[in-house]
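Take a look at this one chain, the form predicted alone, written out in structure tokens.
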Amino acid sequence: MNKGEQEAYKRDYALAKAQGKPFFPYAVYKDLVVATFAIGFVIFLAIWAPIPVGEPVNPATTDFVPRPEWYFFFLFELLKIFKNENALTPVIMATFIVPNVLMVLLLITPFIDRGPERRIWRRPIALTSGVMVIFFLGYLTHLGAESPGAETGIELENLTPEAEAGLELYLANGCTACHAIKDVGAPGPGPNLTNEGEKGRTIQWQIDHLIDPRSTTPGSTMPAYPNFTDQEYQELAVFLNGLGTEFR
């Protein structure tokens, strides 16, 4: 701020102070009006779009697909945006890098936009960044709320009886909590299995991976499934190895 701007600011400040009003009751009254409006708006939303209480929690279920509360839907959607074959990339990007980059931008904004003007329409940087952040969070929250993932019905063509049994095992053992097939299931942390059969793996590779994931994929975070019968291993491996090729 140069000397001329400082003088202009001092004149404007002195004029505003001379014409201003005391904190009580004027500012208190404004705060009361805004708080009343905000609380009333929340009550209106609760009546207009009530959130029903779901079924009682069943701790023995194995096919529940976890989903976050609404205020974490934007992070839930970020996980899907950054999903790929690497199980760690979406987690690191969506829960660490992106939120922290935004936090740093928030902290340095006052050092970038240092103008003395308090009227928001004369603060284009602050106004634009505020509107964009609110829109971004609202849009991702909407996508997260509307995204598939809680469904367990996977429609595939040309399933053999053995593959159908494998699909039932896939659903019964909660695989949708970490994997997705044709947009059914969670977006991570496991890879999308829609085209698993195109990777050129074998039935035996799939079986070995189910018994001990780290024996075939070092560093894998997938839990082991060592208690299936030989027939169940075969059924699930046939199902997985045909995804995207035989079964679409």
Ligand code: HEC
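Numbers for residues come from their place in the sequence shown, where the first is 1. All of these numbers come straight from a predicted model, not from anything done at the bench.
A second form of this protein, the form predicted in complex with the named molecule, is not displayed here; the remarks below concern that form.
Shown alone here, Pro223 lies within 4.5 Å of the named molecule in the model of the complex, counting heavy atoms only. By the criterion of a heavy atom within 4.5 Å, Trp205 is counted among the residues contacting the named molecule in the model of the complex. The named molecule is not drawn, but in the model of the complex it has no heavy atom within 4.5 Å of Pro90. Taking non-hydrogen atoms only, Arg67 never approaches the named molecule to within 4.5 angstroms in the model of the complex.
Of the residues Leu167, Leu156, Cys178, Leu140, just one reaches the named molecule in the model of the complex with a heavy atom at 4.5 Å or closer; this is Cys178.
Checking 123 to 131, 108 to 116, 90 to 98, 168 to 176 against the named molecule in the model of the complex, the stretch whose residues place heavy atoms within 4.5 Å of it is 168 to 176. Contact annotation for the candidate site: Ile211, Asn227 and Val238 all lie away from the named molecule in the model of the complex (no heavy atom within 4.5 Å).
Shown here without the named molecule, the chain has Pro189, Gly190, Pro191, Leu193, Glu196, Lys199, Arg201, Trp205, Gln206, His209, Leu210, Pro213, Thr217, Ser220 in 189 to 220 lying with a heavy atom within 4.5 Å of that partner in the model of the complex.
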